[in-house]
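First, one chain by itself in C-alpha cells, the form predicted alone.
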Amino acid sequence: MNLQFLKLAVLGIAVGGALAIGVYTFVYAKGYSYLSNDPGNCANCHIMNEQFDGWQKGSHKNVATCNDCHTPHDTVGKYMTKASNGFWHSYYFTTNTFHEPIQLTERSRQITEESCRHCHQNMVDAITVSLDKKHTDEVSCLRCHRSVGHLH
C-alpha cells in the first residue's frame, strides 16, 4: 500500500464519517427542526423539558420564544449561536457529560442579558444607575428576574 492510497483512504473515511454524522443529526435527530423558532423543538432533547414547561407557565410565553431570549437579534449572530449551541448540546448529550439542570454558559448569559435589555430598553434606560461599565455590569436582569422566562 503506497502513501498516496493511505492518505486517500483516511480522507475518504473522514469525509464519509462527517457525512454520516451530518445525515444522522439532521434526519434521525431532527437537526433541521432547530432552524425554526418553535420552542417545542428546543424540547426535542429531554434535558430541556423543564425549561420548556417553565416557559409555558411563564409570563413570556405569549411574547417571546427561546430564540428571542437566547440568541442575538441579528440573523448571522442568531444562526451562529444556534449552530454553536446545537453542536455543544449534541456533544454533551451524546457523550452523556451534560450538567443537570442545564446551565447557561457565560456567553449565553451575556446574550440573554442583552436580550432582556433589548426588549425592555425603555424600562432599563430608566433604571440604569451609571454609564460606567463596571457599575452597569452590576445591574443584572437575570440576577433579580431569573425565573421570569422559565417559571418553575
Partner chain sequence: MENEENTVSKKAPAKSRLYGGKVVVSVAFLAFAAAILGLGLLTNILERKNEAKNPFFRVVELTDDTTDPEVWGKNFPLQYDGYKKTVDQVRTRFGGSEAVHKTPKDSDPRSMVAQSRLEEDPRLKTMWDGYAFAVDFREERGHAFMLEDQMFTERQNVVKQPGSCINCHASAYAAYKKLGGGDIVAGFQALNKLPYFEAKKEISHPVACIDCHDSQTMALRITRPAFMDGIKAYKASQGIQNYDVNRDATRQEMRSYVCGQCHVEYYFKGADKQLTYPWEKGLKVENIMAYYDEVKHKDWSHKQTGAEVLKAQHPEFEMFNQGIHSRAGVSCADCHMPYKREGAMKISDHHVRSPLLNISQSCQTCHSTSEAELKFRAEAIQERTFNMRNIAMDALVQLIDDLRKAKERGATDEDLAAARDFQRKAQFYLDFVEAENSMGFHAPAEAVRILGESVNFTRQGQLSLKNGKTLLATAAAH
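Take the two forms, superpose them, and find the largest set of C-alpha atoms that agree within 1.5 Å; that set is the rigid core. Only a predicted model underlies this, so the values are computations on that prediction, with no experimental measurement involved. Residue numbers count along the first chain shown, from 1.
In what follows, reference is made to the form predicted in complex with the partner chain, a form of this protein that is not presented.
Chemist: Does residue 106 make contact with the partner chain in the predicted bound form, using a 4.5 Å heavy atom cut-off?
Modeler: So residue 106 does not count as contacting the partner chain.
Chemist: Residue-level question: is residue 98 within 4.5 Å of the partner chain in the predicted bound form, judged on heavy atoms?
Modeler: Answer yes; at least one heavy atom of residue 98 falls within 4.5 Å of the partner chain in the predicted bound form.
Chemist: Please determine whether residue 84 contacts the partner chain in the predicted bound form, using a 4.5 Å cut-off between heavy atoms.
Modeler: Outside the cut-off, so no.
Chemist: Examine residue 50 and determine whether its closest non-hydrogen atom to the partner chain in the predicted bound form is within 4.5 angstroms.
Modeler: Taking the distances in the predicted bound form, the answer for residue 50 is yes, it comes within 4.5 Å of the partner chain.
Chemist: Return yes or no for residue 145: a CA shift of at least 2 Å between the shown form and the other one, with the rigid core superposed?
Modeler: Residue 145 C-alpha, core-superposed: shift of less than 2 Å.
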